[in-house]
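The chain below stands alone and is given in structure tokens; this is the form predicted alone.
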């Protein structure tokens, strides 16, 4: 049995070290080490990380390197890349790295190289994307498809939505893209209300083709399409599937020749660079899509081969553990200073919290330490006029990841300089704050000084890249994917299952007939749930 985390010598040393450093202000750390800002940085694959504004010393990093060794991080990393079944509760390999491997790579699962299969699907996707983008794919009434609606949920939606927004600059502006995930009928209605059925293609993304929310929306989409197109044969020209269930796909009316598959070793939240990314490939074209995959792969190789003291995912994972477990920080704010990344924090919410929101270890012991922090965020500078007040002067410690670019894809006057000045200013203000003495020297009234004092000592990372490209997006996503892996490996949890998603879904299936039954059902829930169901049934008539 694995040695419990808190019994590892490095963990105990980190606890003692944290106690000794907590009272030290970042102002002091910088004063004692004038080269700190240049020294505590790392750069790889065009991504620059400044982690100098964290409440750490060289000793902190040394102890985390020791913790990595005691935790078997290198062995766990190698096991993932090797295709071992490290998702033990589902007996599955974790091989999203194979989705972006080059054609000549060899990554084996159960003795078989999976890379040729991956590229066969990519080639099939590319052929379809080229047909549609060129106008050669015609709808049932022989009109070209101009609207693409992706229907999925979770990883089948968050990834495609985020990637489309992030790479909109590279997208075909003659095509309209919409995304439907919520089972709330409003989502479907608003996504399709101004579209023409004759020019609309739906991508139904569901591995099993049985996901309740996705298939409810899929059947609504089919009824909407046939409301104008009439003939059931039209479905084959207006629907394609990302799935592995050929029987259900065919039963729905989709030609299985237009079914794009993926594999059990791809978790939903790690699937956006699989066939789940079909809408992304249609939007930006196969060449840009492959550039994105190359970006993923370059960060994979950096993570796999680089010593941990210069390894970007390791450094970010260690920092997340440092604050989560030794400073009682509950959240991490991700603050991209690029409008194209507006959906990136939402994407990371699933990646991080579904992966590491676990309360037992791999061998079933209840943890006696904190695991996954809450991830949240908003693009700068919008967030500055919203929640930054709490980050600067509130009572909660919130480590921040600032993401910025040296160049804008849309240079207009001074805009980008103003944007980036805020990145550097916010990180500086969080770290160093403003003292009562400084305010007094500025002749601020004594009664106002407590209100205008900034404690500082609030940690942040700054991530910089040249400009937003498909490759850069791939690198950023892979960076956070592997940071999540580092955290889960050290916490001794399974970062690749998601049993917490299941219970509510099971109970919902039980409740659905109780809501829809014409007769008063015999309810056997708790008194609160019973009362809520009865109240809903009494008021469920739709509004006009």
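Source: prediction; values computed, not measured. Residue numbers count along the first chain shown, from 1.
Note that the form predicted together with a small molecule isn't included here; everything after this is about it.
Does residue 350 reach the small molecule in the model of the complex, with heavy atoms at most 4.5 Å apart? Yes, residue 350 sits close enough to the small molecule in the model of the complex that at least one of its heavy atoms falls within 4.5 Å.
Answer yes if any heavy atom of residue 505 is within 4.5 Å of a heavy atom of the small molecule in the model of the complex; otherwise answer no. It does: once the small molecule is placed as it appears in the model of the complex, residue 505 has a heavy atom within 4.5 Å of it.
Using the partner position in the model of the complex, report whether residue 460 sits within 4.5 Å of the small molecule, counting heavy atoms only. Judged by the heavy-atom cut-off of 4.5 Å, residue 460 is well away from the small molecule in the model of the complex.
Could you tell me if residue 354 has a non-hydrogen atom within 4.5 Å of the small molecule in the model of the complex? The answer is yes: residue 354 has a heavy atom within 4.5 Å of the small molecule.
Give a yes or no on whether each residue among 153, 211 and 268 has a heavy atom within 4.5 Å of the small molecule in the model of the complex. Yes: each residue has a heavy atom within 4.5 Å of the partner.
Can you pick the one in 416, 358, 207, 96 that has a heavy atom within 4.5 Å of the small molecule in the model of the complex? Contact check passes for 207.
Name the single residue among 498, 492, 483, 52 that comes within 4.5 Å of the small molecule in the model of the complex, judging by heavy atoms. Exactly one residue meets the criterion: 498.
At 4.5 Å between heavy atoms, only one of the stretches 155-163, 97-105, 137-145, 225-233 reaches the small molecule in the model of the complex; which one is it? Stretch 155-163 is the one.
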